[in-house]
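In the form predicted on its own, a lone chain appears below as C-alpha cells.
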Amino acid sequence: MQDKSALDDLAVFGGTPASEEVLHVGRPNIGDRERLLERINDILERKWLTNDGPYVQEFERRVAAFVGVKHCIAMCNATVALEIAIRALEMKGEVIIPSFTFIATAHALQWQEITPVFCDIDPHIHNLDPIKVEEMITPRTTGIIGVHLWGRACDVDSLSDIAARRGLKLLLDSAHAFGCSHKGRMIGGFGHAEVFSFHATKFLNSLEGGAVVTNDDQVARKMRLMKNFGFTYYDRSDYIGTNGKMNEISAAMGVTNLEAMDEFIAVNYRNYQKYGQELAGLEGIDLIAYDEKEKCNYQYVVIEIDESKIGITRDQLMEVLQAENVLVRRYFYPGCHRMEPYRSSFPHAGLMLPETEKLTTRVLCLPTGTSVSEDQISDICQIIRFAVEHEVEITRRLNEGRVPTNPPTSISARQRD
C-alpha cells in the first residue's frame, strides 16, 4: 500500500489510493475449488439440477447436525426463507423487530401485509432491548423477530419468556450467526425457528441461499410444502406455496464451504485480533467485543466512532477510507424506519428509537475475510490513525467543497451558478 505521511497523500485530496486492490467488507470465501468442481461435474452428469437433489439433502443434513436441530429446510435465499417462516408461523397484524437490521427483515413482513413495529436496541449489544419490546406489544401483536446482529446472540432468554407469557411467536433472524453459540448452545435451536443466510457475502456461502432451522415438526412440514408450491406429489398441491427451493450447485457450494468453515473462522479471528492490536489505545474508536467463551464466526469487524472524542465524523472517516479503495460500510444506515415505505408510514418512529438513531451514525464495518491480509489490515489501521491525528485539517478540507443544502435566498441565480 501507498504510505500516507502528508494530507496531500490521501486519495480523497488527490493522492494515489493506498490499495491498488479494492478491499471489501464481504468478499466471498471459497473452499476447495477442485472438490467444488468435482461436485458440479457430478451434478451435470446426473442432470438433477434442482427439486431436492442429493446435494441439497446433504447440505440440510449437515447444517441440522452442526446446529443440533431436527430440521433444516434449505431455500433459495434468506429473504424467501424469512417470508416462508413468517407465514408458516402464522404471523399477522403486527410483529416487533429492531430497526437496526438489514431491510429484508422488515420487508419480509410488509410483503405479506404484516406491519413491522420498530423497537429500540440495547446500545451495548446492538440487539433488541427486551424491556422496550414488552412496551411495544399491543392486542395486534402476533410475534417478535429478534436479530443476532454481528453473530452476537440477542437476549433469547428474555425474548422467549416474553413470547411465552404473551402468547407470541418468536422467530430469529440469524443471518449473521451461523457457527455462533449462546451459553454454550449453538444458535439455530432457539425460538420457534431461526433463519440463516448463505449469501455470497456471508463467511459461509452457497453462492446464494438461506435456510430455516427448527425443532418443530409441524412447522418444518409446512415450510417444506410452502417452498415447493405446496406439492405433496408431482401432480398434487395440498397447500399454498411458492418457489423457494435451493438448487444443486448452490448446495454443492454450501457443502464444500462447510468443509472449510474452520479455516474461514480461523482467518476471521486472526483478522479480528489484528485489528484489535492495531487500533488499541485509539480513543474514540471502539472495536466491538465478542465473548471469547462462546463460539463465533468473527464475520464482522465493527468499530463505533465517537465524534466527540476524535473530532471527525463516521461518514468523513468512511469517505477518506473509501477513496483509498478500502470499501468500509456503515451498517445499518439509516435504519429501516428511515427507509420507504416505513419512513412515510411512520414519520415519527425515530422518537421511539433514540439508541438506534445514535448507533446508525457511529458504526463502520471494516474489510475482513480470506481476501484480506494482515499487512493490509495494518495499512487500513494506519490510515485510520492518520485521519484521527489530522482530524481538524481533514474536516476543514472536506467541508470546503461542500455545497450548502439550503442556499440563502438573497443569492441570485447567476451567483448560485
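Sequential numbering from 1, following the sequence displayed. Treat the numbers as computed from the prediction; the structure is a model and nothing was measured.
The form predicted together with a small molecule is left out here; the points below concern that form.
Contact check in the predicted complex: 173, 200 and 332 versus the small molecule, with a cutoff of 4.5 Å between any heavy atoms. Do all three pass?
Verified in the predicted complex; spot residues all in contact, yes.
Although the partner isn't part of this model, could you tell me whether residue 290 comes within 4.5 Å of the small molecule in the predicted complex, counting any heavy atom of the residue?
Contact check for residue 290: no, nothing within 4.5 Å of the small molecule in the predicted complex.
4.5 Å heavy atom contact, residue 297 and the small molecule in the predicted complex:
Outside the cut-off, so no.
Determine whether any heavy atom of residue 350 comes within 4.5 Å of a heavy atom of the small molecule in the predicted complex, and answer yes or no.
Answer no; every heavy atom of residue 350 is more than 4.5 Å from the small molecule in the predicted complex.
My question is simply whether residue 27 lines the interface with the small molecule in the predicted complex - judged by any non-hydrogen atom within 4.5 Å.
Close contact exists here: in the predicted complex, residue 27 approaches the small molecule to within 4.5 Å, heavy atoms only.
Segment that reaches the small molecule in the predicted complex - one of 266 to 274, 174 to 182, 125 to 133, 310 to 318, heavy atoms within 4.5 Å:
Within 4.5 Å of the partner lies stretch 174 to 182.
Let me know the one among 84, 153, 78, 159 whose heavy atoms come within 4.5 Å of the small molecule in the predicted complex, would you?
The residue from 84, 153, 78, 159 that makes the contact is 78.
105, 214, 256, 250: which sits within 4.5 Å of the small molecule in the predicted complex by any heavy atom?
Filtering the options by heavy-atom distance leaves 105.
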